[in-house]
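Given next, in structure tokens, is a single chain: the form predicted on its own.
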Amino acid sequence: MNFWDLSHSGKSIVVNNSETRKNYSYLEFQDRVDAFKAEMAAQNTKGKTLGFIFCRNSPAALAGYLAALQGKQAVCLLSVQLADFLRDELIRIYQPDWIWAPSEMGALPNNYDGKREWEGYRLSCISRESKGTEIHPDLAVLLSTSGTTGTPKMVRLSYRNLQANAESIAEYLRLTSNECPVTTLPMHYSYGLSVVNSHLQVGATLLLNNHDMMTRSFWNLFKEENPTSFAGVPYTFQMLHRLKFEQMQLPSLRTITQAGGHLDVQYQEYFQKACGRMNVRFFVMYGQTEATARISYIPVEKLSDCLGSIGISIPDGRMEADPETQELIYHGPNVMMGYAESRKDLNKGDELNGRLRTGDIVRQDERGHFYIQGRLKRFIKPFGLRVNLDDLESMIKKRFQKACYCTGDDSHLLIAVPHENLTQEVKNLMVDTYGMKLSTLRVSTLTDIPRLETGKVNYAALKDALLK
């Protein structure tokens, strides 16, 4: 059974925010999904369509997503916080046939007409026949590889990719219908989406939440609803450490999962011990959007033996190191079909055939556990969402007409700007437009950029200079 089929005897979908609390049984929620599908069918005259959903962890966004899957439409999941100029550029490049977005979102291009509203969302459909290319029948979901930076490069995921990953995660986490995860990550982020998919797979209760974990509102909700699990990125666990997680009283909590970047060993040790005392399972995991979400995990009982590693492959997957470059290669049914950079790429089939070159350099110990040593390309995950540093540099340069240089690691994003008067402007851009956190961001003035003999920027030396 596919996870997007709600006709089975699942528990419920609960939304709890500061204004209201609603509880939908799976069958009641299916009625909402059916209404959305009927509206789409009434608008559709061209076969398979592409929709944009600007995501909150809300019943409306979830209903739109499931309706697209059930109706065999393609859907691109995007951040609701995406800046208007980035949103409009993506609309221009991908020409979506319909858009499902919060009603208060800024005005859409004038060739989209509003058709329907529900739970604070509005459906807008293109008012003239789209001239976009046909969409491949296997294409289900487009996800961004770069969080909220607005790059047009998307991961193309098939229905099989989504289902395989949901089944695998449910298997190794040993999920049952008695689970009740609270959503702590956004739906447009592959890790957050995998939490939704894997729990729908087993008919569990979903607690839809948009409160930040560092707020009193979140922990009040936690005490009211008694969720059994939550997911976090490294930044989440750094903040929970500051909040003295080991002293919290969370009797309903049974499982915590961590992914979205490398968590320092000191934090892995801390949460392993704290969770042990609280009788909570703590899973350290590794994945990429290109693998739908998950590639590997560390079994709870083995964490103390392989702290700092990415563990073993998920069920039905396999990892190996390239014998020449030591790049990690992953094989599995959850490997994406390929990338898209515009609407014309949506008719492409499976270009990878289940084999993904991850871009991560690894070593393997004698017990078969893999450890990441570095990256072939310039990606970092300072707040759980992967950031392509080259893309970021291009966007800053385009915005300010000045060359700025980006480096960093999974703890900090470091940016060198040529003039002091740009420091605050770039910082504001990163925070206001891209949703980056000040605690992981450092913008510094640096006029003498270190370079290699070839003239290329010496990013290793640049990182050292910016960390001084």
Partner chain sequence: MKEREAESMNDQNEKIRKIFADVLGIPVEKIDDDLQYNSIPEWDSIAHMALITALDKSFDIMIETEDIIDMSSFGKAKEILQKYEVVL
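Positions refer to the first chain, counted from 1. In this text the structure is predicted, and so the values were computed from the model without any measurement.
There is another form of the same protein, the form predicted together with its partner chain; it is not shown, and what comes next is about it.
- Although the partner is absent from this view, residue 242 contacts its partner chain in the predicted complex, with a non-hydrogen atom inside 4.5 angstroms.
- Using a 4.5 angstroms threshold between heavy atoms, residue 438 counts as touching its partner chain in the predicted complex.
- Proximity of residue 189 to its partner chain in the predicted complex: non-hydrogen atoms within 4.5 Å are absent; the residue sits far from the partner.
- Contact annotation: residue 214 falls within 4.5 Å of its partner chain in the predicted complex, judged by heavy atom distances.
- Taking a 4.5 Å heavy atom cutoff to its partner chain in the predicted complex, the contact residue among 271, 235, 100, 330 is 235.
- Of the residues 230, 383, 121, 283, just one reaches its partner chain in the predicted complex with a heavy atom at 4.5 Å or closer; this is 383.
- Between 312-320, 151-159, 215-223, 386-394, the stretch whose residues reach within 4.5 angstroms of its partner chain in the predicted complex through a non-hydrogen atom is 215-223.
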